[in-house]
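Have a look below at one chain only, the form predicted alone, in structure tokens format.
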Amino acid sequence: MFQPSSEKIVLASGNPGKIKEIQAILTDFSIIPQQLFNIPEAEETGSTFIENAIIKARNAALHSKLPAIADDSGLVVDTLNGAPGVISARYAGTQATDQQNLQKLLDAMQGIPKAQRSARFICVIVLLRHADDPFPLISQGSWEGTILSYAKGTHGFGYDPVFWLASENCSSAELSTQRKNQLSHRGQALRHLASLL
């Protein structure tokens, strides 16, 4: 059972979309972005989502001296052998924008038939009580969909505009924030984490 010394948890991210999503579900805690502590970004050297989430959480806990939470998430496209995967945020390069990453994906998927466009968003969330925590809490979620051949919708971030949800008859970027939190990979992982807490 996680019993933090305070209700503050440092989030190893500066992504405003992630901060908003995480705070909306972990309402019992105050989620503080790591920038407020001037924490340097951790280098994501892991080859899996779990490894990268642990690296980021440990870095944030070490510098802040507080419990830390980190997620590593990305888009896994079957026909691209799992790409963009763990490099989803930097698929088009380390300084790439969401739009550049999205365009690279659309280019890679050109000519792929509809039946072969299956994909899923994966999210792994790690919570460390302190930097040397030998038993991190780890939760994960997976959200199934398909890749559109064009962007659709203006909500969300990242690959949301090209992630089609047949059950909702819309892209992830057309969902309300509330509905996205109910369905998404991050929402699933956060609710599982909240149950562990």
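Only the largest set of C-alpha atoms that superpose within 1.5 Å between the two forms is called the rigid core. Please read all numbers here as calculations on a predicted model, not as lab measurements. For every residue, the number given is its place in the sequence shown, counted from 1.
Heads up, the form predicted in complex with a small molecule isn't pictured, but that's what we're talking about next.
Checking 29 to 37, 60 to 68, 157 to 165, 129 to 137 against the small molecule in the model of the complex, the stretch whose residues place heavy atoms within 4.5 Å of it is 157 to 165.
Shown without its partner, this chain lists L80, L106, I112, A89 as candidates; in the model of the complex, only A89 has a non-hydrogen atom within 4.5 angstroms of the small molecule. For K180, a C-alpha deviation below 2 angstroms is recorded between the shown form and the other one after rigid-core alignment.
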